[in-house]
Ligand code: DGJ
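We begin with a single chain expressed as structure tokens, specifically the form predicted alone.
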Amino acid sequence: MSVTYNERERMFRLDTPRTTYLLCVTGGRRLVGHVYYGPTVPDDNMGYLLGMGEEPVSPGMDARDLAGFFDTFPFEYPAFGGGDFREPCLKVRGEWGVGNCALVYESHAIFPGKPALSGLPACFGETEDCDTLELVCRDEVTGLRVRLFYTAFAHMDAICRSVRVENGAPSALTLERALSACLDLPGEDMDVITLYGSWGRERTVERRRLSHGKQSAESWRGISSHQYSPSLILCEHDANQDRGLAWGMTFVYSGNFLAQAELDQNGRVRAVLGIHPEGFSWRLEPGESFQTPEVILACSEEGLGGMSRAFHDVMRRHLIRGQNKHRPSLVNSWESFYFNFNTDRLLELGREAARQGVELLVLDDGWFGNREDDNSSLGDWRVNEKKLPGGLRRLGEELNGMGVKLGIWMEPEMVSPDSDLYRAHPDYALTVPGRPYTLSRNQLVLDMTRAEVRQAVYSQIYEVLSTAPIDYLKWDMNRQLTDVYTPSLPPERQGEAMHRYMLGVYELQEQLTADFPHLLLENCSAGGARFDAGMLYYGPQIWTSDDAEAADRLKIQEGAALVYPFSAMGAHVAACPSHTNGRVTPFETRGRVSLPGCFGYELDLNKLTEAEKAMIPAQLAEYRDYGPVFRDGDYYRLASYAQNGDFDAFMAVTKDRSRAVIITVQVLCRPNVPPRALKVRGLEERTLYRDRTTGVVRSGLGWMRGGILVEPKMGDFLSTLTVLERVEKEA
């Protein structure tokens, strides 16, 4: 089993193929302490790591100095108010008006498989894939019960954690914070890595030395945000892509979050992740419970690369339900036409797509209501038949006749003040009574906490999708939440609104995927403002960034790949000069940078040069042949343009080690530079591999030790693609 309990040592262990997670119940006070998380150890007698037997060097556990003891003990799920002054996970307020809580072990259960989380996205697993520990703790004063859930996977180095808080008291309790996971680790000589950014430059990797105090990435914008990704990575200071210990935490949630690392006065680090406490509260009546979203943990001594591959594996196999959906090549109309289109222009684009072999045309913004610009009609999801005679049915049928499928864009969570929906139901928008509303992009946010609002939106979506041949939906969300108030809750429960909003969105997407199982759902939020594991549960891919320019995308996709698989990334060949930065890059390189993700074109195919059009069949062939290696295989980062400023290289290897694909980009040309010997990764050492272009055959060890030679080229933004294939028979 992946989860076991040693009764003599009172030790729980969770084993993955190459890691061990240990937690222990202390004698006497029955505290649950975190013992160890790292490379596999066979021992259960590791409780000494709790540091309880070292008086007077460490504070004692006797009543004389419990506060000092609690401030050093590595709690598995720390609560507020008992003397632990590091970041708590739980704070609960009752009728007595204070937030103190002290959790002790009550019981546990170990069972095969993994339970679902009601109303929330979460990893899934069958009985042969994983085991789950349910550890029950209790506050003996209030009767509050806290259930800690841990799932360890048998075939991949990932662990899932979540918490359910139950009110066993005779009166109401209010949660003021309920984070999902905590890790107390030795903190000497450690770095912390977060992903930061803004619109058009999401998920920039920032690595810094972990210093005393608190270092965090967070959002209370109502979305996981462009500004920070809901993930936290800790690693040894000298760890790199290939070696050294790295621990990662990522949140299976799309709303407000706090990811924080705190190095304390004793040289230990506490890492926590969960719903941001800012503006959050949740009232629990007697007998009610609150389920936190899930956190995925990954650990590897094969550096950041090993940690990334663990995240990729568990997301592809145990989180993304549509992972095996066909990811068609597509052309999106947005940078082709913006709002200036009609049926004839779309069919002209469709005919060129059909000639080139592009499988899907996505009709972006502008097909509904009176939408001639971005100032009106959000919420009015009815086809504008003045612009599109015969509607989406005619357009889809004509495209299907060419061999091209139809996709559409929608923004279901939004409403324009200039819309029929808002004029009929202004109360459907999030606004604070007595205050002027705050516009962003000249739009407001619909109150997704309310069932009648969700139904009003979904009935329109259902009508559109059920009356036309639509195979793909891009679900966008283009602004942050402000003016968060809902009449569906009394004043004392307004702190629940942000989380209830997110639960409402999840309910809509769950209904959508159930009613239209054939539909390929791509999530989007002004590009990458909701690029998180929560959205991947409903749609297998997310638009990575509105900046699709190739050089910028190298950085954005590198940051995303630190946690998320390439199969999650919408990646398109964009128009040049770039609509975001004016840069001009070669058409071939734009294709290579987009190849690993979910491939498409963000431009008017009819405006390409003949030379560029001639490259499309080869790009689509590479996407069919080599794209699956990146989306399903093991990813390795070989060089980073974000770090060195002029050169980028990455690769993927199939799970059976039969094929490797390496992409390099000379971003900036430097004079008098010798060829690079780029050492590849992930091959079988004694197996022979042939370079598909040159015909050269070497052992896997030869390619990994000697590398492939990348010659410098004259010019910027130039790429190469190298394919190494296993030689089945060799003299």
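Sequential numbering from 1, following the sequence displayed. As the structure is a computational prediction, the values presented were derived from the model and not from experiment.
Just so it is clear, the following notes concern the form predicted together with this ligand, a form of the same protein that is not shown.
- Task: Report the stretch among 302 to 310, 205 to 213, 85 to 93, 359 to 367 that approaches this ligand in the predicted bound form to within 4.5 Å, counting heavy atoms only.
- Result: Heavy atoms within 4.5 Å of this ligand in the predicted bound form occur in 359 to 367.
- Select from the listed residues 601, 543, 257, 630 the one whose heavy atoms reach within 4.5 Å of this ligand in the predicted bound form. Looking at the other structure, the residue within range turns out to be 543.
- Among 478, 241, 336, 486, which has at least one heavy atom within 4.5 Å of this ligand in the predicted bound form? By the 4.5 Å heavy-atom cutoff, the listed residue in contact is 478.
- Query: Taking the shortest heavy atom distance, is residue 121 within 4.5 Å of this ligand in the predicted bound form?
  - Reply: The answer is no: residue 121 has no heavy atom within 4.5 Å of this ligand.
- Item | 4.5 Å heavy atom contact, residue 526 to this ligand in the predicted bound form | Yes - in the predicted bound form, heavy atoms of residue 526 and this ligand come within 4.5 Å of each other.
- Does any heavy atom of residue 80 come within 4.5 Å of a heavy atom of this ligand in the predicted bound form? Result no; residue 80 lies far from this ligand in the predicted bound form.
- Message: Under a 4.5 Å heavy atom criterion, is residue 590 part of the interface with this ligand in the predicted bound form?
- Response: No, residue 590 stays farther than 4.5 Å from this ligand in the predicted bound form.
- Query: From first to last in sequence, which residues of 401 to 423 have any non-hydrogen atom within 4.5 angstroms of this ligand in the predicted bound form?
  - Reply: The one in contact is 409.
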